[in-house]
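Only one chain is given next, in structure tokens, and it is the form predicted alone.
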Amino acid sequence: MKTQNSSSNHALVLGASMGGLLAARILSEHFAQVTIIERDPVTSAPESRKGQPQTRHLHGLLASGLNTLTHYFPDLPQALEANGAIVQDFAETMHWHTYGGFRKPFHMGLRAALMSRPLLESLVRERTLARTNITLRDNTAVKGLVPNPERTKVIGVEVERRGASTTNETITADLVVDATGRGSRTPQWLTELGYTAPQESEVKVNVGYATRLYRRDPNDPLGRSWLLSTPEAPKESRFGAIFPIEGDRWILSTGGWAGDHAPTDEESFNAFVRSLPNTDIYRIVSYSEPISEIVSHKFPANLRRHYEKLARFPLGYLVLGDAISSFNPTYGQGMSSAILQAAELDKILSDDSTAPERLAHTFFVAAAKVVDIPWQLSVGEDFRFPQTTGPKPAGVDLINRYIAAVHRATQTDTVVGEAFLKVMNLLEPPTSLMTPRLMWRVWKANRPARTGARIPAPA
């Protein structure tokens, strides 16, 4: 469905966050003009917008996400480092406590970037808007879709331009991509056009966390390490992470599942951090100067919209990123999932054999395959807690028992550790953890003589 070099076609992207920015960058190679519509005012500075409360908290960019971004923006890793982000080996610098011990660090050759979400987004936005056929219209709210008379195709959107005076207008386009996030209004818009809204899967987790910034001494022995504490569920429910980011700062996010949320008053917040099994997180907090208020965020449920199952969908319209699926943010999968979905769109648009009437279905099937793995990982982990409710995958309790053994094995076996980190970074499927060779290593690391654990030998 190549449309590159056409002199008349126009693509619209709704939403200027990570998924929307990369979608616009990709569409700029297939459409003569691309316009990004963003509800909030946007500046060139790295800052959180009103509609992005979660960007004030710790974010992780998985290796798969960084690799894909680097493909489209080759100088991005250098730009991140030039702006104070830390780009280094992911496995070598981890200080990760889980299941009663620390995962064993090792050299993996897998780069990770530690930075604030606003810095990453500002650098991606700068590079996206540097392309001459991409325009950003901020402070502009989308009020609804504009269909053709037969309601078989979306031909644009109605927008409301905000400012000194409010004005409404219609923007026409050959393709509209909804990247507005979890709060996407596409299900409502579809029903208004006479279509069926997608089925939804919701897994309720009641996660809540709080975040604070601290001044960081670059000479601190741990000053370039990322420290993490994840629970041995269900007997533990709290997590905490402190990452070094640009501006010689630490960013700390801590909280828990099933209502075990971090408080926001200083004394109780510090006590919550002190309760984490990874005591080095509190040690850093105890001697570091706080430089921000404590801000909280609540995440009620994983949400997935099954657009791939719809029998009818209007031409000229797509949905991408968190608007398709939003995951428990404690696993750091959201940005990378959106990035990988956008890359799938690039492949489809580059394929001459994809007919326009098949674009939506082809993309939604490809996006569903991207979403399947992070959904399986996050929902599977969340169901370790008995308070989690929603559609529970078959066999998840048995799988979780084995994955618990994998977690313990990573404390002594770097082969298992590497396999686990590849899955976590969406570089390999979860089934890669279940090869006979790896299962043998997991069983060996969990032998009762060493740990007292009762792990069945692999078949």
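The structure presented is a predicted model; accordingly, all values stated were derived computationally and were not measured. A residue's number is simply how far along the shown sequence it sits, counting from 1.
Separately, the form predicted in complex with a small molecule exists; it is not shown, and the next lines address it.
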| item | value |
| --- | --- |
| Among the candidates Glu47, Glu29, Glu418, Asp40, the residue which, in the predicted complex, approaches the small molecule to within 4.5 Å (heavy atoms) | Asp40 |
| Single option in Pro231, Gly181, Pro314, Pro374 placed near the small molecule in the predicted complex, where near means a heavy atom within 4.5 Å | Gly181 |
| Option from 138 to 146, 362 to 370, 346 to 354, 105 to 113 whose residues, in the predicted complex, bring a heavy atom within 4.5 Å of the small molecule | 138 to 146 |
| Three-residue site Ser237, Gly240 and Asp382 fully in contact with the small molecule in the predicted complex at 4.5 Å by heavy atom | no |
| Distance check, Pro329 to the small molecule in the predicted complex, heavy atom within 4.5 Å | yes |
| Heavy atom of Leu58 within 4.5 Å of the small molecule in the predicted complex | yes |
| The small molecule contact in the predicted complex: Leu76, any heavy atom under 4.5 Å | no |
| Partner proximity in the predicted complex: Ala16 to the small molecule, non-hydrogen atom cutoff 4.5 Å | yes |
